[in-house]
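Have a look below at one chain only, the form predicted alone, in structure tokens format.
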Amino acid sequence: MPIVESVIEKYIMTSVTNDKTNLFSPILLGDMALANRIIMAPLTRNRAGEGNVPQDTNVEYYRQRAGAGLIISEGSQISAQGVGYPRTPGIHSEAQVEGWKRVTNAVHDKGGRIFIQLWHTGRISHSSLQPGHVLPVGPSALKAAGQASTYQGMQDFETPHALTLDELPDIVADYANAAQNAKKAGFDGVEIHAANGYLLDQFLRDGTNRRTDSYGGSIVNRMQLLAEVVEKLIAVWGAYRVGVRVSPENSFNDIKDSQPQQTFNAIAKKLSEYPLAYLHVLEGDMMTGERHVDYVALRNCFAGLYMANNGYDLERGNSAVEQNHADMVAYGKLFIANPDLSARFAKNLPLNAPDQATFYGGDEKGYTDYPKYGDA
């Protein structure tokens, strides 16, 4: 029996028999079946090849982790302007599409599912990474505190060029083009990166958006660009193949909002108007570990499937799903160190410890050499 039909049959039987829903229960994203609710979070690893093209080691990395209910790829630039870090993959050139095609084939050959995360870093870039060495862009001309990672080492962030009204349609068009390319590359869907201080998040939060036009001021205005991107990508992909990631109180990349609960409750309600695959929420601040937002309340503002992220383990993940606080749970560091995380969770096996020194850049060490259980 084909994997999709077998998972759908299992999903129906689970519903009929009223078995307790947990991380190991199958789930449907529209008509797409996931074998479990253990999701591989998007993880920047800085290991793309020349031209920001996925290479052999990337193929192996994702192949190893195909046991996840769904893999969400590392952030991938929608355009050359969207680049913010060295050696991060893109999805805007033909070579990049061909590179990703090898990844999706490898994951599908193992029975897995994979979405690509579409990324524009906005002001979290540097002129040395931009075409023509122009300034990076943002909603407002506000310089981020901190430094950019460049091929010449760490350099201070620069004051970005504030995008004009005439330039915003080009940004939306770049997202649409990247979404079309993702289809060509064989992905099962796309996730819009609207979190962690990058471009769309910069528009959403009032700490970085000081515009006085129709894209600034009220939260209705500040979410306008995200809404336009969502509508365009659903037009490309159809219902339940587009997810959105947000991070209501994450301070990474020098970003903040004065009223995160109200802001992101409103965003969740707005996004409920669309047939999204899911809303992916990084809960709390990954820099400090603090949580002040009521994420159950936020989850209740969204009419679709809710994916929780940040600091979950097996016990907390199962509890979140069983109590209907989340429909799926995304894991980051645990998937870095445990390519067979879903299988280890299912049998409650010991986990490999992640080596943080190898998270960003390098070769196979700390990337494809973590052993599966029993292979150590």
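The first residue of the sequence shown is number 1, and the count goes up from there. This one's a predicted model, so the numbers in the text were calculated from it and none came from an experiment.
Note that the form predicted in complex with P-hydroxybenzoic acid (PHB) isn't included here; everything after this is about it.
Remark: residue 318 does not count among the residues lining P-hydroxybenzoic acid (PHB) in the predicted complex, judged by a heavy atom distance of 4.5 Å or less. The closest non-hydrogen atom of residue 360 lies within 4.5 Å of P-hydroxybenzoic acid (PHB) in the predicted complex. Taking the partner from the other structure, P-hydroxybenzoic acid (PHB) in the predicted complex has a heavy atom within 4.5 Å of a heavy atom of residue 286. P-hydroxybenzoic acid (PHB) in the predicted complex is not approached by residue 55, whose heavy atoms all lie more than 4.5 angstroms from it.
Site annotation in the predicted complex: the residue of 265, 196, 81, 104 reaching within 4.5 Å of P-hydroxybenzoic acid (PHB) with a heavy atom is 196. None of 157, 274, 215, 252 but one reaches within 4.5 angstroms of P-hydroxybenzoic acid (PHB) in the predicted complex through a heavy atom, and that residue is 252. You can rule out all but one of 266-274, 215-223, 188-196, 138-146: in the predicted complex, only 188-196 has residues with a heavy atom within 4.5 Å of P-hydroxybenzoic acid (PHB).
Residue 44 is the only one in 22-51 with at least one heavy atom within 4.5 Å of P-hydroxybenzoic acid (PHB) in the predicted complex.
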